[in-house]
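Just one chain follows, in the form predicted on its own, and it is written as structure tokens.
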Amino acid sequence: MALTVLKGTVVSASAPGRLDVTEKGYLAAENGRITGVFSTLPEQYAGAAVEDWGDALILQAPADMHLHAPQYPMAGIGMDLPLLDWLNTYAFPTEADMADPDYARATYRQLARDLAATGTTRVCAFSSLHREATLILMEELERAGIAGCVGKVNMDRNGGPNLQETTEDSMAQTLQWLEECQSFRHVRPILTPRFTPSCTDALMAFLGKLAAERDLPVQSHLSENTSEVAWVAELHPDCKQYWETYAKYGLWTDRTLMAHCVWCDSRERQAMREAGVTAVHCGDSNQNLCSGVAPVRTLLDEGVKVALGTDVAGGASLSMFDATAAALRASKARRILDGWETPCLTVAEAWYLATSAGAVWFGDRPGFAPGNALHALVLDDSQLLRPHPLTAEERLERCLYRRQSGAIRAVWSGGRRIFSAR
């Protein structure tokens, strides 16, 4: 039996808005599965090797629920353009480079290593439309110990000369990819129509049928930018709203992730709640590309499931700590825009969205619940000055807003230790 016992200040988000804190506590896992958080070490673990991290924070590892892997090399570039111009000028040409398998391998190996080093252990990632590069991405994530879902992007229109498939090729390459990726243990496939303007009706219908036949999850984009919303309306005059362009093809289910949702009105939000669709909030990207400020508080209050993503490279940072801080800042901007009537997100709420919300989508329970796969990190904030004794929540808040070199000391993914600071 493989046993892991960690000692420190154990913090987890077991419910929206609540942090469970155990000072000088123990987090135990057997064979990669959590058995519990304890204030004193149970008798059954007497004599077990304990990794004592002193006063360091032992946190849930976050899950990045929206990431464009082929865009990683261009993170931080082109932030002066709105979404559609940015895609055509920067994102699509960068993704086209993934036609070169060697370049894809080098990029994705670095991405996977950087994810582990920043504490992210689960992702929902877009690849490019290239089947071989998508398999390489899955290989590199698996090698680095990162779990989650990866999608071969489908796009048979509006991609430009170097980033567009025929409808027939898109279907055939998707089927071949699904056959070739079955051997991965920790990285699973997710169907990925890039967004409605990139996919013809025939391709969307094919993907919806495939999702139903093989019980596959789906990821795409929804109501990110006003120009995008208007474009979708032109392409689908039979649909009153953006979401219907997915729903009419069977791509709108409780296993669907929709990134952004900045401009969702009450009817679209209701459709999300009723179908169980998860909105993935990417606050950094929405600000960088001038898309708007997503109504996250309203989504939550109305019962819509919400998680967080970096949206690299619309988001400039791969760190989910940065993504969480961006969500907190965005909620303050939303409060101002709403005439101070909308409450901001709290630190505990934002951390739940960064960790437990994604974990639940992957099939775990919130927090460090017994039976969950061990996804955890050790964060040492001792290098920061403390003006007075801080609570665990205050320490977490400061770590969300401030990056410290070498603060992440160790990371576990599915019970596997995937990173150790030198």
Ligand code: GUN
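Remember, predicted model here, so these are calculated numbers, not experimental data. All residue numbers are counted from 1 along the displayed sequence.
Although it is not shown, the form predicted together with the named molecule is what the next lines describe.
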Handout entry: 4.5 Å heavy atom contact with the named molecule in the predicted complex for all of His68, Gln71 and Trp86
Key = yes
Problem - Heavy atom within 4.5 Å of the named molecule in the predicted complex - the one residue of Arg122, His221, Arg269, Arg131 that qualifies - result: His221
Problem - Any non-hydrogen atom of Lys152 within 4.5 angstroms of the named molecule in the predicted complex - result: no
Problem - 4.5 angstroms heavy atom contact with the named molecule in the predicted complex for His260 - result: yes
Exercise for the section: Using a 4.5 Å heavy atom cut-off, state whether Tyr108 contacts the named molecule in the predicted complex. Expected result: no
Handout entry: Heavy atom of Cys264 within 4.5 Å of the named molecule in the predicted complex
Key = no
Completion exercise
For the named molecule in the predicted complex, the stretch among 176-184, 189-197, 271-279, 301-309 with residues bearing a heavy atom within 4.5 Å is 189-197
Exercise for the section: May I ask you to list the residues of 278-317 that have any heavy atom within 4.5 angstroms of the named molecule in the predicted complex, in sequence order? Expected result: Ser285, Leu289, Asp311
